[in-house]
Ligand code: GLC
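Given as structure tokens, the chain that follows is alone and in the form predicted alone.
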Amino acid sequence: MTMKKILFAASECVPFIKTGGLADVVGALPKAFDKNEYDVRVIIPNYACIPEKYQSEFEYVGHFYMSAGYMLQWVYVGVMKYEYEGIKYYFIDNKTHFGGSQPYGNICWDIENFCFFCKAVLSVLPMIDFKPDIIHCHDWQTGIIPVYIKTEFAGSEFYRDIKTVMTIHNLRFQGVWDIEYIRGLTGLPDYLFTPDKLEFNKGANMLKGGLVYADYITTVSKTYAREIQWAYYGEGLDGLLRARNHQLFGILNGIDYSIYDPETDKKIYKNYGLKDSREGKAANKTALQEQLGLPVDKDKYMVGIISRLTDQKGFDLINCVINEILADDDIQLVVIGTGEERYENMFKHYAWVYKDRVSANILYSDDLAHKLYAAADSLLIPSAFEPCGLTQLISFRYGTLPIVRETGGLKDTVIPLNEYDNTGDGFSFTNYNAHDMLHVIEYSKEIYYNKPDMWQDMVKRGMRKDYSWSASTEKYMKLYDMMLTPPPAPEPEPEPKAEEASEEKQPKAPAKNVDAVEGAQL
């Protein structure tokens, strides 16, 4: 069996660097492939802010100097490598581009950094002696890679057969800047900066380049794959995505079940499983209440929020009705996250007004997040749009019921409660409306207090769900196999018999124009 070689190119990857769910995907997905059939490797920038415990183990491979556009001439490219949990990782080293205290900063400089990264990824392949069959590109930071493969690098035999997949993790972020700036960084010719290629609203769009030139496109849920073909969700690229819909697939993300497991999780107060989830969650709730200074009462209805505090995540809805949410002293709202200042201040304010009902933790703490997953009764995720969402998948694992808006991956993963046949594993609302959200929160609270057996049935159904990477990996393998399977050779047409050949010389009556006739009848 021929080993299939796959290279993941991304801007972040756990455990080395993380700002969002992209890092979780790039860190977990390669490990899920059958290593007897797939050689999956990962390449990311060598950020100065990668923890020293990893950097100290990196092995120097080599370096060279590379030119791209006239604004990137004779630039140092270092290559480091490291093997972690059976996966080979490569790191593009350049302190000018990746020497900051954070992986991202000003978008102008980010675009320069990742234009450099895109060309460096392709340029290092001969040095690391790895020719991938497929380069799997993640988000706008890698969008120029498919463009280079089909243009500047297409003339080289080494790169000629490499195929590309472009995955959209969040369409809102596209890497858009001035055409002359991106042309000067990449060295791409003028003819690529047209409306059918990289041009976008008189600027240049890195993600669009990847979507135009990649062989296939994926995104992180089936519903989001449909939604981004609509103008409302398409962020200006819906027309392009509709044109490429036959090469567009939605493949749901998974989570690492070795990390998120209430039976073994060392970050929670008390471990528990399916059989003792009621007692285990109650113990975790009271311990978290004590830690956060909330009234200790296992019968309080605890709603958790673990999120970036932005409009995308629905915090404008919460802002509209937060007084109504907190009107009942039986509720406790525990928030973990950072983001827009107005929402950080909103939760700080209500934590001061309702000291017995709100705990505002304006930070990101993985340790505290695990504790909240185990302690909360429900998790509120009222997103305006959500490509996939990982928090609802994690909440199922810990027996915490998600309250979501029906969009993207939230719609694909959360089945709303149906009381009549006792099915469902969460609560949902359709319209992006604050009072619809409020109604569903109140409804969930009613089920929690008045129908505890039904609530517990929902908890068990959620905990039985399998959102590990195995199902998603199977779909990626099918996509890769399809890309690497050559099309069947056309069968040769049979030679015409002598009498058939003589008949072909006779003039034939004109064919009936079926389309024209049917069109006229319409």
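Numbers for residues come from their place in the sequence shown, where the first is 1. Computed from a predicted structure; not experimentally measured.
Just so it is clear, the following notes concern the form predicted together with alpha-D-glucopyranose, a form of the same protein that is not shown.
The chain is drawn here without alpha-D-glucopyranose; in the predicted bound form, the stretch among 265-273, 202-210, 443-451, 305-313 whose residues come within 4.5 Å of it by any heavy atom is 305-313. Not displayed here, alpha-D-glucopyranose is approached by residue 253 to within 4.5 Å at the level of heavy atoms in the predicted bound form.
Among residues of the shown chain, residue 361 is not one whose heavy atoms approach alpha-D-glucopyranose to within 4.5 Å in the predicted bound form. Contact check for residue 25: a heavy atom falls within 4.5 Å of alpha-D-glucopyranose in the predicted bound form. In the predicted bound form, alpha-D-glucopyranose sits beyond 4.5 Å of every heavy atom of residue 218. The partner is absent here; in the predicted bound form, the one residue of 426, 146, 399, 389 having a heavy atom within 4.5 Å of alpha-D-glucopyranose is 389. Exactly one listed residue, out of 378, 113, 229, 170, brings a non-hydrogen atom to within 4.5 Å of alpha-D-glucopyranose in the predicted bound form: 170.
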